[in-house]
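Starting off, we have a lone chain in the form predicted alone, written out as C-alpha cells.
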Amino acid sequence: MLFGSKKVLGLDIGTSSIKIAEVDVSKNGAQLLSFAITPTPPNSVAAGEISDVTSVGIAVQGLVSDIHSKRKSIATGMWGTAVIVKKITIPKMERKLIQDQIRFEAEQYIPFDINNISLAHHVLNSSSTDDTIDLLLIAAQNELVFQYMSVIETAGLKCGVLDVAGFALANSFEANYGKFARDVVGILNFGASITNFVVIHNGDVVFCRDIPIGGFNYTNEIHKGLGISIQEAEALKLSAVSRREVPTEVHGIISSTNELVTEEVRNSLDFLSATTSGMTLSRCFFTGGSSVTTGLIETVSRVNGIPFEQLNPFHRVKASRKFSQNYLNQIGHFAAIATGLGMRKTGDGS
C-alpha cells in the first residue's frame, strides 16, 4: 500500500470540508509551510465512503493548486465503518512470521469478507509478555481503499501513504506534546458526521474508534424540531455557536444533543475499558470543527469526570511566517489530521 516519493502532502477528506497541509520535517522539528481548506462537494462523502470520486478529486486538485506545492505524493487517512482497528494478542513469534499469521487472526476478529480487505498490523511496545505479543490489527475494505486511490489519481497526484485518520490524529498529538509515558491520553476529534476517538499509552495507539456522531446530528435535530430545511437548521446552529440570537428552542435542542453525544462517548469509554483490561483515561484532548458547539466539551467532561484540554496542532509544530496568529487560531480545530498526515514519509504509514 506504500509507494511514491519521500515528502508528502497531508490530505484529510471530511464530510463537510477537505483539508490539505504541507509540512516540513527536519531534525529541528516540524514546520507548517502551506494549508488550505475547502467545502466538501455536497453529498459526495458519507460515513467515510466517497460516493462522488470525480467531484472530490477536482476539489483536491483545486487545493493543491491553491498552495502551489511541488509535492505530488499524498498521505491520506481513511475513516468510518469500512475501517476497523482492533488490539489483539497472539502467541509470541518472529516478526517475519506475523504477516502469515495475521490473515488467520483477522478472520476471527474482522466482520468483513477476508478476500475483500486490505490488512496491516502494528506491533505494540507495551504489555507484551514472554509468551504473547500485542498488536493492532488494521483492516479496510478494498472498495474504500480504491475510492481514496481514485480521488488522488483524479487530482493528478500519487498516493504515497494510505493511513487511518485516527493514527494521523495521534501523530499530530505526539509531534506537539511528545510521548506521555505513564498517562493514558484520549483524543476526540469531533467532526461533521463522525468523532474520531484515539487512546495513546506508552507512545502507542492502543485504541482507535470512529464514533458515528458529529455536528450534523445537531443540524438534523434542529431541522426536525423546528420543521425547517437542513440549510436553515445549519445556519441556526452556526448562529448559536457564534453567540448570535436564535430561537430559544435551538438552545434546548443543542443541549439535548450534547447529552446524546456524551452518551456515545461514554459508550466508547466503556468499550475501551472492556477491551483493554480496565484502562481509563487520565486526561483527554479535543479538536474538530464540531468541538466548538456550545456546552459540548463541558458536558462530556462533567459526565465522564475527565479533564479536557484543547489540542493545539501548532503547539510545537511551528508555522511559516506567512500565517497570521489569527488565521492559525481559525484553522486550529480543523488542522490536526491533515498536519499529522503531512508529517508522514512514505514507508512509515499504516
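Here the structure is a predicted model, which means the values were calculated and not measured. Just count from 1 along the sequence shown to find any residue number.
Below, we turn to the form predicted in complex with a small molecule, even though it does not appear here.
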* Asked: Of these, 68-76, 267-275, 232-240, 95-103, which stretch puts a heavy atom within 4.5 angstroms of the small molecule in the predicted complex?
  -> 232-240
* Could you confirm whether residue 150 comes within 4.5 Å of the small molecule in the predicted complex, counting heavy atoms only? => no
* To do: Report yes if any heavy atom of residue 177 sits within 4.5 Å of a heavy atom of the small molecule in the predicted complex; otherwise report no.
  => no
* Asked: Though only this chain appears here, would residue 281 touch the small molecule in the predicted complex if you measure heavy atom gaps against 4.5 Å?
  -> no
* **Distance check, residue 222 to the small molecule in the predicted complex, heavy atom within 4.5 Å** => no
* Sole residue of 205, 261, 194, 140 within 4.5 Å of the small molecule in the predicted complex, by heavy atom -> 194
* Would you say all of 215, 290 and 293 touch the small molecule in the predicted complex, counting a heavy atom within 4.5 Å as a touch? -> yes
